[in-house]
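In the block that follows, a single chain appears as structure tokens, in the form predicted on its own.
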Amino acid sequence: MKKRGQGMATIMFGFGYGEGFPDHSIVSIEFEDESLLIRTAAADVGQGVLTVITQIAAEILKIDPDLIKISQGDTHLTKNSGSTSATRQTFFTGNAVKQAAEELLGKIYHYASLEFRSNHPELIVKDGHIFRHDDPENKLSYWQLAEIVSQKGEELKSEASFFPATDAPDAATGQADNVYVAYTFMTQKVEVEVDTVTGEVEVIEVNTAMDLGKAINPRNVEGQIEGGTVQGIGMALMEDQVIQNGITLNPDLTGYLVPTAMDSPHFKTSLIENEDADGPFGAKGVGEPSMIAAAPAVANAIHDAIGVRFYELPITPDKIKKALKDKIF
């Protein structure tokens, strides 16, 4: 017999190192040939941070994203951007890029005002060019302006460091005014189907609502949520490292099961853009929060389906069959 149940879980996640630890990211931006070069040590491990920082720079400088190149992770050419952990890169490196792009934009206006013999309010930037409002055909590309500036012995480039402060928690109470830079909130409702004969659990559908400040790239965010949720489902139902006498008995994917595409449910996702953070355009981190609610939501859904509460993960078919047998007898 197959029984269905629904479960819900809500989480909050403080991102960045937090707790008074120093945490920063440094980025530089310059014009090179016919491209805009961003130098950053931020590691993109699939979460899409390079796409995000490209979008941020393109938005501020009003330039085609295809003209933006990134010099990534070269210790000779890039400065510290911190680790790709703690759900921090969009917030920290995104802010550093935003600040560097704004500084560069200010320099563009300054040097262009000298060339056009004009004041800043009379100038406009569009599609990688700057011109006067009253004479849009007389324009300079950013690269032309960079060459003019170079001939003066100066540089049209910028660098910015984003370095927010957090507070160490009080040793006695664990409290502080600003433990983390911001918090991401998420609620998930999960529907499962439990086979009471085999003990197998199928996750049918996951509904997610995440307060993420601002979705700079909504498709990226949805991918993060779906990928993280599937990892959480793996933790809930199958991932189990078996250790005996200090030796891992299932050291490969033959014995250590992880979810596949066949185990992925149908997703419905709502992105709540409540811009209450200091991230770029109000953005918050979404990586790790996306995997936290899934396991408790699945456990609650299983309880709703068969009336048995589990307190240890993973909730395997053997555990379900035994629990149902104990419940009956």
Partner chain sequence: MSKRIIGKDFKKVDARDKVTGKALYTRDIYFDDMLYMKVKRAPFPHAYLRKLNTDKAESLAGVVKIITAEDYPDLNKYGLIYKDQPVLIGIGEKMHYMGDPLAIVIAETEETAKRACELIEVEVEELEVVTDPLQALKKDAPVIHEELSGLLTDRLDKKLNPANILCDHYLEKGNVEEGFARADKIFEREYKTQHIDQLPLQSEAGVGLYDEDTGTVKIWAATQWLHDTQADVAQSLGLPKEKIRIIQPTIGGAFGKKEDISVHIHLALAILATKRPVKFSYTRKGSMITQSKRHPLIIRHKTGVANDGFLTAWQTEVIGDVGAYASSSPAVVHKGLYHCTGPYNVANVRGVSYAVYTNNTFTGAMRGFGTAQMAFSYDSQMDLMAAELGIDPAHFRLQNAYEIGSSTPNGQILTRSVNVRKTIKEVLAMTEGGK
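Residue numbers count along the first chain shown, from 1. No experiment lies behind these values; they were computed from the predicted model shown. Just so we're on the same page, rigid core means the largest C-alpha set that superposes within 1.5 Å between forms.
Another form exists, predicted in complex with its partner chain; not displayed. Remarks below refer to it.
Look at 103-111, 130-138, 148-156, 184-192: in the predicted bound form, residues with non-hydrogen atoms within 4.5 angstroms of its partner chain sit in 184-192.
Its partner chain in the predicted bound form is not approached by Phe116, whose heavy atoms all lie more than 4.5 angstroms from it. Shown alone here, Ala160 lies farther than 4.5 Å from its partner chain in the predicted bound form, counting heavy atoms only. Contact annotation for Pro164: none of its heavy atoms lies within 4.5 Å of its partner chain in the predicted bound form. Put simply, Leu50 is close to its partner chain in the predicted bound form: some heavy atom of it is within 4.5 Å. By the 4.5 Å heavy atom rule, the three marked residues Gly5, Val201 and Lys327 all fail to count as contacting its partner chain in the predicted bound form. Scanning 36-52 for heavy atoms within 4.5 Å of its partner chain in the predicted bound form gives Ala41, Ala43, Asp44, Val45, Gly46, Gln47, Gly48, Leu50, Thr51 in sequence order. After superposition on the rigid core, displacement of the C-alpha of Ala171 between the shown form and the other one amounts to 2 Å or more.
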